[in-house]
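Take a look at this single chain, the form predicted on its own, given in structure tokens.
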Amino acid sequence: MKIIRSQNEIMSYCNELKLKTSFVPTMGSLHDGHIRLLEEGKKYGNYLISSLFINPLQFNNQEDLANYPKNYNEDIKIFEKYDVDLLYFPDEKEIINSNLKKINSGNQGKILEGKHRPGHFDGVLTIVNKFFEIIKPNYALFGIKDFQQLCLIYTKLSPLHSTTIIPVETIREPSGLALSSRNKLLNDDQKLTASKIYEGLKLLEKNIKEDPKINCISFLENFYKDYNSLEIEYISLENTSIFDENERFISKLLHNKNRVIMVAAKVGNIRLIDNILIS
């Protein structure tokens, strides 16, 4: 595996590549969800590129940024194990400077997650756009767990680049808890509580099949109220078309799934998100 830290070096290197490239951006602290992205990336291009960069622009809470887990040495071993060809591991000062082109997530970045994390999606899009400019990947892979992020990258950034966005299913612990780097900050009891987020979503999915007119929000509110240590921030049922823009249609990206139920909750002081897609 080749590791590049210099922006000029990686631009020059990628410009000379004559291969189909797939790209998996990460903030490190890798888990099986990231590994699935890397494995899927191997199926699309014949040269796999990943990045390791904790993006300070996407944190509206500085304490959250300070507490974000950092395991660089372990991460590099995982990148090597899963046959990443090139790792971009930049220095923050080289990425975030006065020349950085800011991307505005617009109204779609201010609803749902964006309402609770002001500026978060501006920061995500700004850095992903920067990496797309530098690396120019043919394919880029993103998890469906971060649903709004996936939609915004697809609608706001893919029109600007010759990069095909590939959505990848959420990977879960045996309990159903969606894998996240933040799970490392939960103790066993908290993980059990956190698994109830998806348990409620799956039970709702089953009930929708029996009664398509069920009130999804009320159903989940009633389910979650039995778990006092699960602090629900929001439950939202949306048509995926709220993210459509620039002739990019989200249902097409998601194989005609046209509704999404999104949940954000805190367990202790750890904030977690999850969702299910329904037709």
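This structure is a prediction, so every number in the text was calculated from the model and none was measured. Counting begins at 1, following the sequence as shown.
Beyond the structure shown, there is the form predicted in complex with ligand PAF, which is absent from this document and is the topic of what follows.
- Residue contact check for residue 254: none of its heavy atoms lie within 4.5 Å of ligand PAF in the predicted bound form.
- Contact check for residue 55: a heavy atom falls within 4.5 Å of ligand PAF in the predicted bound form.
- Although the partner is absent here, residue 112 sits far enough away that none of its heavy atoms falls within 4.5 Å of ligand PAF in the predicted bound form.
- Using a 4.5 angstroms threshold between heavy atoms, residue 124 counts as touching ligand PAF in the predicted bound form.
- Contact with ligand PAF in the predicted bound form, defined as a heavy atom within 4.5 Å, holds for exactly one of 89, 82, 142, 198, namely 142.
- Checking 27, 35, 232, 220 for any heavy atom within 4.5 Å of ligand PAF in the predicted bound form turns up a single hit: 27.
- No residue of the trio 21, 39 and 48 has any heavy atom within 4.5 Å of ligand PAF in the predicted bound form.
- Segments offered: 72-80, 163-171, 183-191, 144-152. Contacting ligand PAF in the predicted bound form at heavy atom distances within 4.5 Å is 144-152.
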